[in-house]
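In structure tokens, the next block holds one chain alone, the form predicted on its own.
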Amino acid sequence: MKNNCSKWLYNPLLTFILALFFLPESLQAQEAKRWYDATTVYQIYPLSFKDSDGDGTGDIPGIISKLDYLKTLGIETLWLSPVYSSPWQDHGYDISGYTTIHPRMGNMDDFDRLIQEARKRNMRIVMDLVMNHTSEQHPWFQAAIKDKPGGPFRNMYVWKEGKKRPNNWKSMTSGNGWHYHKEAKAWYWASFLPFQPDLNYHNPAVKDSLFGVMDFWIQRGVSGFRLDIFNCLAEDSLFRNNPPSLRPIPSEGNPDGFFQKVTYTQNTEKTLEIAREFRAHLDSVSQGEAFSVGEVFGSGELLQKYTAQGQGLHSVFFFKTMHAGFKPHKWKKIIRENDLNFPYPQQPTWVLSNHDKKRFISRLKNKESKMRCVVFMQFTLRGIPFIYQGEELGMRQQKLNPKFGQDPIVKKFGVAATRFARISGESLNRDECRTPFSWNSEKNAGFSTSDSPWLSPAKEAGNIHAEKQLNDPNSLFHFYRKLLSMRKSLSELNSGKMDSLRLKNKILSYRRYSDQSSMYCYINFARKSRRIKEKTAEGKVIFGNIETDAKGRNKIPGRSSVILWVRP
């Protein structure tokens, strides 16, 4: 006998009706204290999302044309990677104008229309704000080159005079982070790539200028910011050498690497102070309605310092999840660490992929059954889920020839190193996770009518695309849609508490609960059905299947997930 209610909840409308009429009042959607505590964020990489004018690059009008698709999926918040003016050496993360739109992205009228159209659909826009550095072509840096040492423009960036390299600091991407500028006759510091000079946050004018950028976009209707490499904002003002380390390569959980600790270049006390000031200013200018999430690397213990129990950034990314694969013990450890460092009512984040990292499904050898289990966790754990465009379709990591790589990281490391990284299971070539969104089986997967899009579509685009999955009720798209609908409708999932984390017999489980009811979530990591001892008669299966064998034992099918609703 099967207790199968997945068909009841397959349609999001039926999910809402079930929550409204059949489940107790405590399970009905409740207005969260803060909108961002209960939201799901969808990352759009504009260059690759949708091209509206046939020039081969995605743009803002293209995003507007696909808002209904995102609404159908159930998305409430959109995070846009940079659309600002830029020479595009790092595809927008090298900004030359913080309050203007890149012409190939559109114009400010297009952006304002995006805000308006999103609001019509009860959706919000979060901008990518790059506070750490600018492009070398930014007017501030061009003026700094010509300015005298200590002058107002020179002091906007991190400079050091002298013939010798100032100290041993290395960039996040390896190698010397100091670069000598012949015209300025001084060294400038770049945490990331040489054409992205770091701003000097020991100069109050820098913070005031970037806070002014924040004000500009909030006043245009933006609902918050994703903050690029926020952990690198303020280096040591005394320019002390970083201590040595035995770590050859940094990781998401530990930023030390290239045989030195990042004591004086990342996660400094000054940076943590700016996080608190940023939050105070953002709350002030938005009347407490805007949201921030920081790109920070380190342990959960370090990350929670950036949120400062609600006095710092609203949230930070916890990137260890990107490498958890399909290992239940690793997931249990990560869930515990996240929950410990971001206790209720703080909100941890759950992210699987982004524009810089390998697509998660390809870490699972493109096994959709495994992906569904991980996605189930992403949407039922306490916290804020982040979806990278195309994840809902199972878009895969590509294997591109590094000789033609457009990513500046490829140009820095070279073809041989890029190929070696792929053999190790990672990817230095970020083009491989940035291929155009697969909309249909037409030319360029429906992304662009251009004969030469900025990147070619994924090789699987003819089979893995939105049009096909929208018409298939059993598709990964509809699996995401169902979970998003449940998370939005059921307060236990979008704003409830969590406990009872266990791993037994390859079944990972935890409880989401309110004062009135509980939801027990189970994920079977095994290939075959596994037994659970809970008596389902005490509750109701509202997601997935629990099978009952001839002996009356309850089992969860292999690589599947279940939610059991139980009253206290």
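In this text, residue numbers run from 1 along the sequence as written. Just so you know, these numbers come straight off a predicted model, no measurement behind them.
Same protein, other form: the form predicted in complex with ligand GLC, not shown, and the subject of what follows.
- Within this chain, Phe360 is remote from the site of ligand GLC in the predicted bound form, having no heavy atom within 4.5 Å.
- For the chain shown alone, His133 is a contact residue for ligand GLC in the predicted bound form, at least one non-hydrogen atom being within 4.5 angstroms.
- Contact check for Ile229: a heavy atom falls within 4.5 Å of ligand GLC in the predicted bound form.
- When contacts are judged by a 4.5 Å heavy atom cut-off, Gln196 counts as touching ligand GLC in the predicted bound form.
- Stretch 351-359 is the answer when you ask which of 178-186, 494-502, 443-451, 351-359 has residues with heavy atoms within 4.5 Å of ligand GLC in the predicted bound form.
- Contact with ligand GLC in the predicted bound form, defined as a heavy atom within 4.5 Å, is made by all three of Phe192, Glu295 and Arg434.
- Proximity to ligand GLC in the predicted bound form, defined as a heavy atom within 4.5 Å, singles out one entry of Arg430, Lys482, Lys170, His102, which is Arg430.
- Between ligand GLC and the residues Asp90, Glu76, Asp147, Asp110, the one pair within 4.5 Å by heavy atoms in the predicted bound form involves Asp90.
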